[in-house]
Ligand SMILES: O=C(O)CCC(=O)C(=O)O
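Below, in structure tokens: the form predicted on its own, a single chain.
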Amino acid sequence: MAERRRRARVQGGWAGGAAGRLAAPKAPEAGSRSPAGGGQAWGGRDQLRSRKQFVFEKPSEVERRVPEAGVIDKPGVYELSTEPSGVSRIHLVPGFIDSEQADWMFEQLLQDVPWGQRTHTRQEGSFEEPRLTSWYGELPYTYSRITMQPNPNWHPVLTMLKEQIEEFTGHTFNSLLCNLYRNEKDSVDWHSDDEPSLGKNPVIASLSFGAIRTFEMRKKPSPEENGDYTYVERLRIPLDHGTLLMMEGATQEDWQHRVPKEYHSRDARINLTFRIIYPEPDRVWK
């Protein structure tokens, strides 16, 4: 009798254990809510996933690189840019004057042109231009607060070159600024030929003789850049003996140019810039 009761308790215990296992609560499915006061481990995982999903990461800054200068050294017409002011265009004509004739003209102009060195006056003092210049034309020309007086006595070589360029380009010119770069130390700084006396969208015909010098151009920055030229487009144009460079359209409004000093020895170079000058009713200092 005692043996029967012991077996019944043992069998009942196994049965109860099996029933307990079958009735055990299921683990909550991912994404389901745990009952209040229970399921802390599953709730912790959900919180970790939620935090990871909504972590704010500061966007990395885009690296802005200074663009490399382009090089123009082949003959042709190049459209540099198109802005509301118009199309900026240059025309490069190497060998416009053949080498032998260019040699003779260079020597004539070097000896006969009345070269002079102008002095700039600023609040911080005065300094001499790092080049020699001469002016030809019926009207005076003012730039950087320097006025060059009229000189109607054109040298015969200059008259011949003016007529040759006019025939080639279809443009007429009434004035000429001559520049003599004596060596690698002579230069002209960044500027635009945009004086009021030149009118809107002036055409400038630049003819070079002598040593090769690099003519550099850079696009004027947009208003958002606040005058910062760091990231603007730049060009380098080597100007050889007898080369003609035409600057047209909005080039003077949207671009600047210069002839920088050089680190290596350079012989003399003459640059002739033919242009049209208009009378100024009122002088405007720039």
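Numbering starts at 1 and runs along the sequence shown. Everything numeric here is computed off the predicted structure, so don't read it as measured data.
Another form exists, predicted together with the ligand; not displayed. Remarks below refer to it.
Asker: Taking the ligand in the predicted complex and overlaying it onto this form via the surrounding C-alphas, would you call the pocket open or blocked, using 3+ ligand atoms within 2.4 Å of backbone or C-beta atoms as the cut?
Answerer: Open: when the ligand is placed as it sits in the predicted complex, none of its atoms comes within 2.4 Å of backbone or C-beta atoms.
Asker: To test your reading of this chain, name the stretch in 147 to 155, 75 to 83, 175 to 183, 107 to 115 whose heavy atoms come within 4.5 Å of the ligand in the predicted complex.
Answerer: Checking each option against the 4.5 Å cut-off leaves 175 to 183.
Asker: So in the predicted complex, does any heavy atom of Asp103 sit within 4.5 Å of the ligand?
Answerer: Heavy-atom contact with the ligand at 4.5 Å: absent for Asp103.
Asker: Glu129: heavy atom within 4.5 Å of the ligand in the predicted complex?
Answerer: Result no; Glu129 lies far from the ligand in the predicted complex.
Asker: In the predicted complex, is there a heavy atom of the ligand that lies within 4.5 Å of any heavy atom of His191, even though the partner is absent here?
Answerer: Because a heavy atom of His191 falls inside 4.5 Å of the ligand in the predicted complex, the answer is yes.
Asker: Quick check on Phe209: any heavy atom within 4.5 Å of the ligand in the predicted complex?
Answerer: No, Phe209 is distant from the partner.
Asker: Would you confirm whether the three residues Phe96, Lys162 and His171 all fall within 4.5 Å of the ligand in the predicted complex, going by non-hydrogen atoms?
Answerer: No.
Asker: In sequence order, which positions of 208 to 236 have a non-hydrogen atom within 4.5 Å of the ligand in the predicted complex?
Answerer: The stretch 208 to 236, when checked against the ligand in the predicted complex, contributes only Phe215 at the 4.5 Å heavy-atom cut-off.
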